[in-house]
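Single chain ahead, by itself, as structure tokens, in the form predicted on its own.
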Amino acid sequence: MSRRAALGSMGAAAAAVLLDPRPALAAPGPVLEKAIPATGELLPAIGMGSWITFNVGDDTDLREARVEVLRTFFAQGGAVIDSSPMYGSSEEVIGYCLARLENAQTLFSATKVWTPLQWHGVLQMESSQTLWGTERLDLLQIHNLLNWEGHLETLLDWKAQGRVRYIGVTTSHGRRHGDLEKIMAAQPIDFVQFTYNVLDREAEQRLLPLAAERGLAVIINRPFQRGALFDRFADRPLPAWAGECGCANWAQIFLKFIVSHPAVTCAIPATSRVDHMLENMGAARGRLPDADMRAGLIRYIETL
């Protein structure tokens, strides 16, 4: 469960209040969209990751539960779904879900290549397209920079052929930020993906400014520190500006902090639950925190 603190350290009554989907989980108004710098195409600022949460194998009940998660995602205005061959059965399960949904027209499919061998990467990408069941993938990324030189050659070829719309690179490891920065500065990519959240803010120093300078779309992974942010803060009062920005819970606070950064295009929280999806997608509506609110949030959590 991604809200470990909300469900583990709090009492049953408090948890019921947090997880009840009936309260106002989202501010009214249109879905927040941000532009892909390379083309101007707009994407909803809140997407969905699939690491662990969609790796459910052949279990029919669990697959059907994921169908409802995705149904809610699209009903709330979602588009970007991110996966990888590294994520076990996640791509296959996503394809299973998409085939059973009638409201998935806005899908922006984002997956990765993850293998040391360039020729095997081609097979992986072809397999991913088959598993997703789409005519063409929207974004292919090189997962954690693994053999990025070889795979970038393939991705550029696929893009030139029209087999993929956008290409990029990812990392979820701070120790690779230096390598990532060099690629961002020199290579013809469209997207970059890395970790950024209210506690992990190293990306503010070099990566986010460089992305803005180079005109790269930015996808943010691990927005909740794999749930650790809820462990630390879920039982604490929301910051004073929560109501001004239409935030009803910490998930929306964390996500709005991320997507309010001017260089960020989309954040991809992962969940296996409809109620948590409603919370996450609530961050896609309403006012974003301004610079003073963001700074105030950092000061506030440093006191908790």
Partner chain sequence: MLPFTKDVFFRLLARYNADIWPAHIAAVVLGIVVVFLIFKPRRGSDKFIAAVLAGAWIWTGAVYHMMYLTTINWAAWASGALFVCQGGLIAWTGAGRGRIAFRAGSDRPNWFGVSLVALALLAYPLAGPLTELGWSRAPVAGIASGPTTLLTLGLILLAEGRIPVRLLLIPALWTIVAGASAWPLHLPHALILPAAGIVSFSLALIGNRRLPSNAKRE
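Worth saying up front: this structure is predicted, and the values here are computed from it rather than measured. Numbering follows the first chain given and starts at 1.
One more form of this protein, predicted together with the partner chain, exists but is not displayed; see below.
- A heavy atom within 4.5 Å of the partner chain in the model of the complex is found for exactly one of Pro209, Gly88, Gly133, Gly174: Gly88.
- Distance criterion of 4.5 Å from any heavy atom to the partner chain in the model of the complex singles out Arg226 from the list His120, Arg232, Arg226, Arg100.
- Of the candidate stretches 243-251, 261-269, 40-48, 54-62, only 54-62 contains residues with a heavy atom within 4.5 Å of the partner chain in the model of the complex.
- Residue contact with the partner chain in the model of the complex: Trp114 places a heavy atom within 4.5 Å of it.
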